[in-house]
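Quick setup: one chain, the form predicted alone, written in structure tokens, and binding and motion questions come after.
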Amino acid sequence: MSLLSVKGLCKSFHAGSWSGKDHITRAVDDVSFDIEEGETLAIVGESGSGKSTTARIVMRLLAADAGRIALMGEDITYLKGKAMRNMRKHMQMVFQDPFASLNPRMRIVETVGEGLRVHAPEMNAKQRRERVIEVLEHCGTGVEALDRYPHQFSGGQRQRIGIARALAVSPRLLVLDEPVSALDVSVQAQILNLLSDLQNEQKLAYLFISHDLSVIKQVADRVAVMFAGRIVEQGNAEVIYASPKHPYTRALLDARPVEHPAQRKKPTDIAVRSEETVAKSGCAFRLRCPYAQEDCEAFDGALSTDDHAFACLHPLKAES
């Protein structure tokens, strides 16, 4: 049994337009994945692909229109009130902006200990403080931080505090929504190393959201690539990096920065195209794909059923 199981997740947003007609955006469309204990699944895609919306639905910060979310074998899709609150201690979230996610009026000891007041009411003030000190030190922040406020810390320190807050209630799953994208490169490495150490020590499972494929390669066991609200490729991280099957995955990989100009590849037709068109029928990517053919207009976008799954009628061949 998987720690987290997501099946057929769907979410649409309604918005008006200048013409007065109701516009529907399908942000998440039939998304399914599983995460095992101690595993990292990374969801990657360009802005607007639906990856952060998926993370918020998993956390029940947004309600799904359809689909199923099971945590530790229990269906939490429509749980409410006390039942949902009891499950939240098993899954916590670390947000992209460490400053916006911390209450500027609360001292760090209050911020990190807030979850304990909700999920461990049997603990007194002294016990909560001791637990806060323990998780802060585990995340590389000393006791001198307890009575300070978020604005008195750097971005990397604030993200360590955000991670400590998530860990305070001893969760089994962390949802990490672009946790290092707002940080300097050197600080990114420190936070990623911290997350790796915590996972190894506590057997945490991570749902890691990012657009940075270099970061994903460092942290992920498996990768799910999203485009226009759907997963278009999913499988073992090493296999996908070595031999992507979907043209969109290849475009993302080709767009990565390189360490030396000699490593630079000629950009694919997909990467240099400027249009942002998403097809309304058939394969959503076909209007941007140089390999699209007539049968792509009728393709339902379903993933193949093997371990390296992809949603393409004309998958790429491995590079020689």
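Note that the structure is predicted; figures quoted are calculated from it, not measured. In case it trips you up, residue 1 is the first one in the sequence shown, and so on.
Omitted from view is the form predicted in complex with a small molecule, to which the following refers.
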Check your understanding: Hey, in the predicted complex, does Ser304 get a heavy atom within 4.5 angstroms of the small molecule?
Key -> no
Practice item. Mark Asp65 yes when one of its heavy atoms lies within 4.5 Å of a heavy atom of the small molecule in the predicted complex, and no otherwise. Key: no
Check your understanding: Within a 4.5 Å heavy atom cut-off, is Leu41 in contact with the small molecule in the predicted complex?
Key -> no
Point to revise | Interface membership of Ser47, the small molecule in the predicted complex, 4.5 Å heavy atom rule | key: yes
Exercise for review: Just give me the single entry in Ala27, Ala279, Leu252, Cys289 that has a non-hydrogen atom within 4.5 angstroms of the small molecule in the predicted complex.
Suggested key: Ala27
Exercise for review: Would you mind picking out the stretch of 281-289, 65-73, 29-37, 50-58 that comes within 4.5 angstroms of the small molecule in the predicted complex, counting non-hydrogen atoms?
Suggested key: 50-58
